[in-house]
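One chain follows as structure tokens, the form predicted on its own.
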Amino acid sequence: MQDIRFFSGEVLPLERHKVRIVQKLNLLPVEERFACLQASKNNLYLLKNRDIFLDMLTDSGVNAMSDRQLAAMMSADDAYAGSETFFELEAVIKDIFGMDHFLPAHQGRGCERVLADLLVKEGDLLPMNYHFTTTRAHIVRCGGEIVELLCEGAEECESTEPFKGNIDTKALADLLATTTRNVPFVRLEAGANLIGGQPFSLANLEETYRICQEHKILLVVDASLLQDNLYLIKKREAAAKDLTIRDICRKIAANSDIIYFSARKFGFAKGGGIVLREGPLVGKLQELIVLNEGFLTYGGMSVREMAAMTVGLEESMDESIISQGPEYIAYMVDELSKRGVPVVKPAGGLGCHLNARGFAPDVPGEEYPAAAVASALYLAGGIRGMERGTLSEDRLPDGREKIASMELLRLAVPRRVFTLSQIRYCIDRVHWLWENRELIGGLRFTREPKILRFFIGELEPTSDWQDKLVAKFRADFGDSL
């Protein structure tokens, strides 16, 4: 991709698209934001979308579609079985990954469920670079246990390591050589979500696959964040600098046994699926897809979404299209760093991640620092981010909190959605909050579900700190929103 330089010398990410459809946003006064936060019980998942100005909760299912995707949706073949739209999607996926079979699912966690149901048994051990919340939930549900083998420095917020999503291959080799437990597969997440969307390198994947083949163990790649990982491999790995995005994708597939993904992230659509080579698992997985997701030519997806995914996956092979997200994220990370705000470095994919421990060091882990900073940022700017810390963990068997190794507030950057001025607004409000960080206090549960509690749990502040933050905002900004 050609570099674009500004004559002024200023370094800014430049959109490679024009906006043709818009959606109105509301920015409520801070007092109304406070009322909405109280009504949602301090769980930003429970906010109404109409009460949010910038929704940076996730990049899942909220990416902007292109004109070509929207056009494709209008001509989709909506047959229950044998849809031509499915076969068009299947052909694109086979071409991108070079594998034999595509099994559709409604989204990534549908893939996780059928894979866990088929492969994970009581007492199994599942090594991976890092877990994802729903992945772990399905593995634990089936009686398995995960073991995380991140590379050195991966959980350090400030680091020069370009591939903090790498698995520790020496630790993996030692584990597989010594464990007496069954290991059904090794999982690598392309863009380790919970540590800042950090990528793995192509070299690390190739070494991991060699180790897995030596021990006759499957290597499964979660490719939901593959789009960003592809771009970061191209930019950061010397051996890949002359490869195209499609070349890198084919190399990743060549060093994997099974790939699954959520098209809510990878493909600019809503769906997902499992990609694999011919072998004994195909028929067994097909049966589970039919049982849990839908028939083999729709898998729980709307055919319109399949048509959009077909085009979106091809667009994901275009470096100029997939560059915007990582470039916006890098811009946010750099600008916040200049202001002294603690963020995860280097910039990864998915979003900009604030280090909530650095942001609110006096809030103990049991009072959920990342969730507290998330609530505070909604008050500061109507911005909804996602807690990725202790609140996203499960309690220990004795009821104590499992304090997360990292307390992050993720500010996701959905693809092709925000303008640069909106990104700069977010930077400004984070900066203001940083300057008033001493006002941030903790949260506690008033209703705590046992499974994936961060989705629907209800919380309250441990003091009147939110009232004080609202008062400070009004004092600093006057009548402004």
Ligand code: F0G
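Numbers for residues come from their place in the sequence shown, where the first is 1. What you are looking at is a predicted structure, and each value in this text was computed from that prediction instead of being measured.
Only in words, not in the display: the form predicted together with the named molecule, which the text now covers.
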Open item on the list: Is the named molecule in the predicted complex close enough to F97, N229 and S316 that every residue in that trio has a heavy atom within 4.5 angstroms of it?
Closed with: no
TODO: Spell out, yes or no, whether the shortest heavy atom distance between N255 and the named molecule in the predicted complex is within 4.5 Å.
DONE: no
Open item on the list: Taking the named molecule as it sits in the predicted complex, is T134 in contact with it (heavy atom to heavy atom, 4.5 Å or less)?
Closed with: yes
TODO: Determine whether any heavy atom of N436 comes within 4.5 Å of a heavy atom of the named molecule in the predicted complex, and answer yes or no.
DONE: no
- [ ] May I ask you to check whether H101 falls inside a 4.5 Å heavy atom distance of the named molecule in the predicted complex?
- [x] no
Task: in the predicted complex, the one of T85, Q107, T208, S392 near the named molecule [non-hydrogen atom within 4.5 angstroms] - done: Q107
Task: Proximity to the named molecule in the predicted complex, single hit among I139, I383, M386, C249 (heavy atom within 4.5 Å) - done: M386
Task: Residue stretch of 157-165, 187-195, 142-150, 294-302 approaching the named molecule in the predicted complex, non-hydrogen atom distance within 4.5 Å - done: 187-195
Open item on the list: Within 4.5 Å of the named molecule in the predicted complex, counting any non-hydrogen atom, which residues from 403-442 show up?
Closed with: R410
